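Okay, so here's just one chain, in structure tokens, the form predicted alone.
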Amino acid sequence: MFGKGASSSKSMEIIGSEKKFSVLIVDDDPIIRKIHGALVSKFTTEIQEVKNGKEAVDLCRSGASFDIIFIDKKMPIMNGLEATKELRAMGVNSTIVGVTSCDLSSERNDFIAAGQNQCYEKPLTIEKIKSLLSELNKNN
């Protein structure tokens, strides 16, 4: 599909919406990728998964584009903050959402300073995803 690291692609229309979103899930933990992929697949049309920030950057550099990128903070090779800075420097204007297992209050400033639009504690929930998609639908 898009090369090494792209492990999943699913299609489903967002419930009750005309807009279909493409999503990239970036996390080194395969269990978290699976959980987040399953939750997101209830709402979105297209999902890609990669296991570190470098793979996300490479995927976007190769021409892939996404409406939403859910990205972990702590990953090997390239962490989520470094990847976000690189993506923004490349002109990627996706909504980038940091996802962390750390205390969210202490992480929020780091996420926003790196160029992320939002941040959530792991794991994602249906409510968090619905809220984000609702906000994106209002803005599109």
Partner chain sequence: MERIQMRRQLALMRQSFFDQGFLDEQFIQLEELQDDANPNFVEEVVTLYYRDSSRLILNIDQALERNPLDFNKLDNYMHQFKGSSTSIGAKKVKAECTQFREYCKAGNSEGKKDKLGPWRQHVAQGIDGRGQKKKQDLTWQNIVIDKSKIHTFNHQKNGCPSGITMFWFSM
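Residue numbers count along the first chain shown, from 1. It should be emphasised that the depicted structure is a prediction, and the values quoted were computed from it without experimental measurement.
What comes next is about the form predicted together with its partner chain, which does not appear here.
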Tell me which of 58-66, 111-119, 26-34, 83-91 has residues with heavy atoms within 4.5 angstroms of its partner chain in the predicted complex? 26-34
4.5 Å heavy atom contact, residue 131 and its partner chain in the predicted complex: no
Should residue 101 be classed as touching its partner chain in the predicted complex when contacts are defined as heavy atoms within 4.5 Å? yes
Is residue 78 close to its partner chain in the predicted complex, meaning a heavy atom pair under 4.5 Å apart or at it? no
Does anything in 56-78 come within 4.5 Å of its partner chain in the predicted complex by heavy atoms, and if so which residues, in order? 74
